[in-house]
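Shown here is one chain on its own, the form predicted on its own, set out as structure tokens.
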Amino acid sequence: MNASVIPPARNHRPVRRLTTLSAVALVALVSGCAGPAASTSEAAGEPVSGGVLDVSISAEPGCLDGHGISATQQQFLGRLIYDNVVTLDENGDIAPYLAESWDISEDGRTYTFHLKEGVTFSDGSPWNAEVLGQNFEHMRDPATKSPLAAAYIAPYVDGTVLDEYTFEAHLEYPYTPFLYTLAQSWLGMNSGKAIAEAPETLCQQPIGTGPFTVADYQPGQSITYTKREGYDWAPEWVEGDGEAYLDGVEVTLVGEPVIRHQSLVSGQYDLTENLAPQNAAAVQADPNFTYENLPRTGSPYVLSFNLSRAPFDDLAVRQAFAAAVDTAAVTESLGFGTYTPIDGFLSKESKYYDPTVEGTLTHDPERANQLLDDAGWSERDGEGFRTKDGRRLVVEVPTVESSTPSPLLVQLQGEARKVGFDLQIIQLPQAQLSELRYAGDYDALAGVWHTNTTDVLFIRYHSSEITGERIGQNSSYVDDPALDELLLTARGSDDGPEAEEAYSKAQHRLLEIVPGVPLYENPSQFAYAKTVHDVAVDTSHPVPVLTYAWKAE
């Protein structure tokens, strides 16, 4: 393995700077991306320093230490206060960030990072090799209770500080996704001083090297960020130097989609990070706003079956449920034309996505009925649900309690009933839902998993990721030796033909196992006022990056 040549990633959406469009610009179709915004450096004028950007978010993570959470909002919020060891550039290739370069041993098990000098954390402490080692240990410290970062660096064994700015990381086995994971927002670098002296404070008072600092955090309400004085080490793709232009960013939790939309168009907020699909057409048609609908890499939305217990321990029942669901109809209803249906277990935006998987899992009620008849579920009770040996074909799907049931699960409930499944939506408090999830006490779960590496297939479906001594993400309880071998081969292969072949075979093997029903791509939908300029979009996560954004009043 040679670190000097890193093959280009494929199928990554290019990062670009989003800038103001003329009011007469053509409006793209709602069902697709809003499209790259044309450069308006002349039309918008020179960047203006000052001002506070008001942002609404749909949920807040409850903790701002990326190492201790898996919240979606960290993709956006983390870029305000953290920097990473490496980044993905505008083409999706691994590029320097807090590490200027790195070497990888021939056996793929040793990574030597040569770190950028002169970088400091907002508490004044330095960035160096010792701090990188502290961050790795903090990620996997049981006290951090990491649901994500620890799993991403699981092959990491230990490290050696070779000198002040050179760190050698030792892995248990070759792990090509290592650099990709280090580019993700959840794996941003924390202050070594804070980790050593007060790690328990990082949730409420995170200390990073990023362009902004946290001035005030009111959990469940708001987060106030202020500009970091002296910042000057942004990655090249952000296209800027020095400190941020904005004086700060004010983030407010606005849970109701309708209110988020209304407060955006009324001017109360400059940007919303999670625009509801039902409001997309109106915002996209409004010349005062820029709208983006970008698919995330990783796993699409999937209703995952629990293969470790009835009824989904039976392949025929899994195949029948998948054939019963009209994915296109469900997607259209939920996404108002903004969602993209998918029939595989890997996002089409992900590297090594194999298009030959398409067309295998199709809507076929006749086949669904035949499969259930053949599996012994041939009788019907008085309500029309299938029975076998006097038992009804029940599928219990727990979800977090809400004033209204999950629209997705309601849609799936209707689809499944057509062929005789009794899908029951069980609403529970979040704590109780988590207990069921970790105990495997459910028939199916609806969810999604975003990551910038195709290793998502390992995370979601390798048998080692079944929850045991640690929390794993194989919620389908897939335990298939053939799949395990393919995923381990892919994980240890250099980027290139060997990895491509293994990932292709893994995608096809999943279609044979049917660990769930793939539904639609995982979208990042956000919008902001045209008075906001030079918003960048991350390649690891398709979310707005505000490092050199500015406001024209």
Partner chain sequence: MPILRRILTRLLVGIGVLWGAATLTFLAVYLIPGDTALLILGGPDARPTAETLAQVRSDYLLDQPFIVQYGSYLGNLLQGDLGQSYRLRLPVTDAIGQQIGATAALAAAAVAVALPLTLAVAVLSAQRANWIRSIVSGVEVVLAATPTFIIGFALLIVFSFSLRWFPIGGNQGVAALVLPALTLGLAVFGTLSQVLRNELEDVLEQPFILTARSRGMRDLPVRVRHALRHAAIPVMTMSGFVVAALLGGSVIVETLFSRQGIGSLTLASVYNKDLPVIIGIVLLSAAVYVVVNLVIDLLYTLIDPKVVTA
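Numbering follows the first chain given and starts at 1. Treat the numbers as computed from the prediction; the structure is a model and nothing was measured.
Same protein, other form: the form predicted together with the partner chain, not shown, and the subject of what follows.
- Of the candidate stretches 298 to 306, 347 to 355, 136 to 144, 120 to 128, only 136 to 144 has residues whose heavy atoms lie within 4.5 Å of the partner chain in the predicted bound form.
- For a residue to qualify, one of its non-hydrogen atoms must sit within 4.5 Å of the partner chain in the predicted bound form; all three of Q262, W449 and E469 qualify.
- Using a 4.5 angstroms threshold between heavy atoms, Y180 stays clear of the partner chain in the predicted bound form.
- The partner chain in the predicted bound form comes within 4.5 Å of a heavy atom belonging to Q268.
- Of the heavy atoms in A431, some are within 4.5 Å of the partner chain in the predicted bound form.
- Residue contact with the partner chain in the predicted bound form: G516 places no heavy atom within 4.5 Å of it.
- A heavy atom within 4.5 Å of the partner chain in the predicted bound form is found for exactly one of G50, G496, G45, G62: G62.
- With the partner omitted here, the residue from D389, D158, E256, E172 that has a non-hydrogen atom within 4.5 angstroms of the partner chain in the predicted bound form is E256.
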